[in-house]
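There is one chain below, alone, in structure tokens, taken in the form predicted alone.
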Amino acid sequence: MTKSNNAPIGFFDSGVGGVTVYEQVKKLLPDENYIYFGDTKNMPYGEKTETELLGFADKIFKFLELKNAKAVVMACNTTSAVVYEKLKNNYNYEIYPIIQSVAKAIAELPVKRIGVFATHATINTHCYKREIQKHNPDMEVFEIACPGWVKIVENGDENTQEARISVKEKMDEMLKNKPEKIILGCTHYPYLLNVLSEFAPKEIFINPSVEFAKIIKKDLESKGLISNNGSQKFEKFYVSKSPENFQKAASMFYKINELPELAEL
């Protein structure tokens, strides 16, 4: 189906984490129209089953289809890992999954040992390891699940003692592997960067959102899907629960001027 260049780009995540991707993409493509859906009712995704995740993602993809999205960014590592391959051909727009999109660039880094912090669901698929080693079989990849981190971020508790204890525990475990870089393999985790950098240099952490945004921009350009609508642009945020909490939690990365609209799918 042919899409107008000025149709919106859709984003989705289980909550505010995807705002870390949205903010990077909007920096590179300021003249686009945007729609963002945060599935705050069903977060955290990292503890859900594959069947549940397929159901959530399908409803959100269809919601964004009804909103006439020309492309959809899976700003969620968990759904990229678990459901992308099963659902990728079911909709009438371009789909960009974060893990599969950034793996090649990560594999080309001049390092031999790389860590991954992610949700249980992402780690259980070994998607980061598999996708990176497709491009660089010699790179050692160490994966560690971090249950609880998403809720810390969504509740705005990233500066609490609870967050510090949780982060230190996982950092101690990861540093035993002597990683040269550590991927923040959940889009919520950059919210914890100040705490993480108490235990390792900030430069060791990779926020995949930065490279992901460049890949999305380049691909939309190659497909002739860049907007030409100039100043007539919009952004719209939707959530499935607690719009006030979402607006407040997202503010660390991006100021949302209007309260997100409640949309129960």
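Since the model is a prediction, treat every value here as computed from it, not as a measurement. Numbering starts at 1 and runs along the sequence shown.
Unshown form predicted in complex with a small molecule; subsequent notes refer to it.
Three-residue candidate spot 33, 71 and 227; no residue lies within 4.5 angstroms of the small molecule in the predicted bound form by any non-hydrogen atom. Contact annotation for residue 101: none of its heavy atoms lies within 4.5 Å of the small molecule in the predicted bound form. The closest heavy atom approach of residue 37 to the small molecule in the predicted bound form falls outside 4.5 Å. Though the partner is left out of this view, residue 44 does reach within 4.5 Å of the small molecule in the predicted bound form, counting heavy atoms only. Among residues of the shown chain, residue 116 is not one whose heavy atoms approach the small molecule to within 4.5 Å in the predicted bound form.
Only one of 183, 192, 82, 150 lies close to the small molecule in the predicted bound form, with a heavy atom inside 4.5 Å, and it is 150. Shown alone, this chain has one stretch from 158-166, 137-145, 72-80, 105-113 that lies within 4.5 Å of the small molecule in the predicted bound form by heavy atoms: 72-80.
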